[in-house]
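Take a look at this one chain, the form predicted alone, written out in structure tokens.
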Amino acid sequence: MKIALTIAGFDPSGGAGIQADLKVFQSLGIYGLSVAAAVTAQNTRGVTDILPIDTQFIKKQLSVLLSDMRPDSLKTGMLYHEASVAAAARLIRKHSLENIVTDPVLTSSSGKKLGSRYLPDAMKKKLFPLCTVITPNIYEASVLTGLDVRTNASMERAAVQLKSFGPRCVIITGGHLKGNAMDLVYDGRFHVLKGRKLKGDYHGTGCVFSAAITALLAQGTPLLEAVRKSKLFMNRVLNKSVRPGSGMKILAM
């Protein structure tokens, strides 16, 4: 059985972060490993508080885990501190890990800041050069590039700039755009993935999409095929979404 590792935050609601990633991995036939980078107090209405895990303990979790098991792919989600980014990057290099997917989590769906001031620069300098693919949404792309990403043209400019930091492929997800849910893929050429935008607010969409790509890369699926299949996977789980609380819907695997 293929193995995928997620380094992300703990979400008590089960809709995002580590819990969502592990659900995706299992639904796609992948054995999931996880390392906690932060613990959150949140529900379907939003994030109330965050407790970042000490960087030394993140390193300990990773070192012990990787001394025993080697993942076929790895995803990073909420890392919170620049030191955590550096620690993850060092261990990726040390173990020559492949199929690295980064969802550069900076803010929650409810608008809560999920990273320190210097996190974007640390990601661009230390993590992005190691990545097979990065999956920012339009807000994260704006923060990472300094551009106001709201249109197709600005998404293209942002994608080119983000690829210059070293990832093999950039996907800017457009679920927050007005109109259709269009994702822009840039691997040196532009590819557009369109989908019907569903009404309502959904929790953990970025986590689930990037986790699906991670799982498919672990299986050896070529990158663009993995991206397209992940978009189809998103359509399925969005249509099966549930509302267990009084806030956003949660995707059902």
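Each residue number is its position in the shown sequence, starting from 1. Here the structure is a predicted model, which is why all the values come from computation and not from measurement.
What comes next is about the form predicted together with a small molecule, which is not displayed.
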| property | result |
| --- | --- |
| Partner proximity in the model of the complex: residue 16 to the small molecule, non-hydrogen atom cutoff 4.5 Å | yes |
| The small molecule contact in the model of the complex: residue 47, any heavy atom under 4.5 Å | yes |
| The small molecule contact in the model of the complex: residue 122, any heavy atom under 4.5 Å | no |
| Any non-hydrogen atom of residue 186 within 4.5 angstroms of the small molecule in the model of the complex | no |
| Region of this chain that lies against the small molecule in the model of the complex, out of 186-194, 65-73, 200-208, 215-223 [heavy atom, 4.5 Å] | 200-208 |
| Option touching the small molecule, based on a heavy atom within 4.5 Å in the model of the complex, out of 105, 149, 134, 85 | 105 |
| Candidate from 114, 89, 97, 181 lying within 4.5 Å of the small molecule in the model of the complex - any heavy atom | 114 |
| Non-hydrogen atom within 4.5 angstroms of the small molecule in the model of the complex for each of 9, 78 and 248 | yes |
